[in-house]
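Shown next as structure tokens: one chain only, the form predicted on its own.
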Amino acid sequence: MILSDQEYQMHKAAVWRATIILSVVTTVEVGIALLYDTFFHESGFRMALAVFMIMATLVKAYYIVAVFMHLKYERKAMAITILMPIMFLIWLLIALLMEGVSWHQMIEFYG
């Protein structure tokens, strides 16, 4: 498929925009990780920071998949084919974490 000059410029701008967003989000994540022990370790913001880090990771994953893997421009069936297994993997991780917490609590309770 041959792109017109206007389409090429549009795709190029999207890649640069995604690169800048990914750079900013990564810089903020690394800054928070480096300052965590100094400022945030004893504060009440631990849960908020964890949620922020998860959300930042999801934003980065979206931009990588959408722009660099060109999934943003694919048909819905192709997108669903790729995204549904990812959703099942996320569900699996949550289920395994919950099961691990349950086992840990049971071991502490019964010894």
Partner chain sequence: MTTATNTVQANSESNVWEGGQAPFGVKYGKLMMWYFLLSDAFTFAAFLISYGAIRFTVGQDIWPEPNRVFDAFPVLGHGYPLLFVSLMTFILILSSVFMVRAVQEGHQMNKKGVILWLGFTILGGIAFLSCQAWEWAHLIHNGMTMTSPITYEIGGHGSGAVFVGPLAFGQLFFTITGFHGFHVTTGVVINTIVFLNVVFGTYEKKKNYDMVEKVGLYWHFVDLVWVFVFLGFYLL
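Keep in mind that this is a model prediction, so the values were computed, not measured. Between two forms, the rigid core is the largest collection of C-alphas that superpose within 1.5 Å. Residue numbers count along the first chain shown, from 1.
What comes next is about the form predicted together with the partner chain, which does not appear here.
Contact check for residue 45: every heavy atom lies farther than 4.5 Å from the partner chain in the predicted bound form. Using a 4.5 Å cut-off on any heavy atom, the residues of 6 to 23 that reach the partner chain in the predicted bound form are, in sequence order, 8, 11, 12, 15, 16, 19, 22, 23. Superposed on the core, the two forms barely differ at residue 9: its CA moves less than 2 Å between the shown form and the other one. The two forms, fitted on the rigid core, differ between the shown form and the other one by less than 2 Å at the CA of residue 23.
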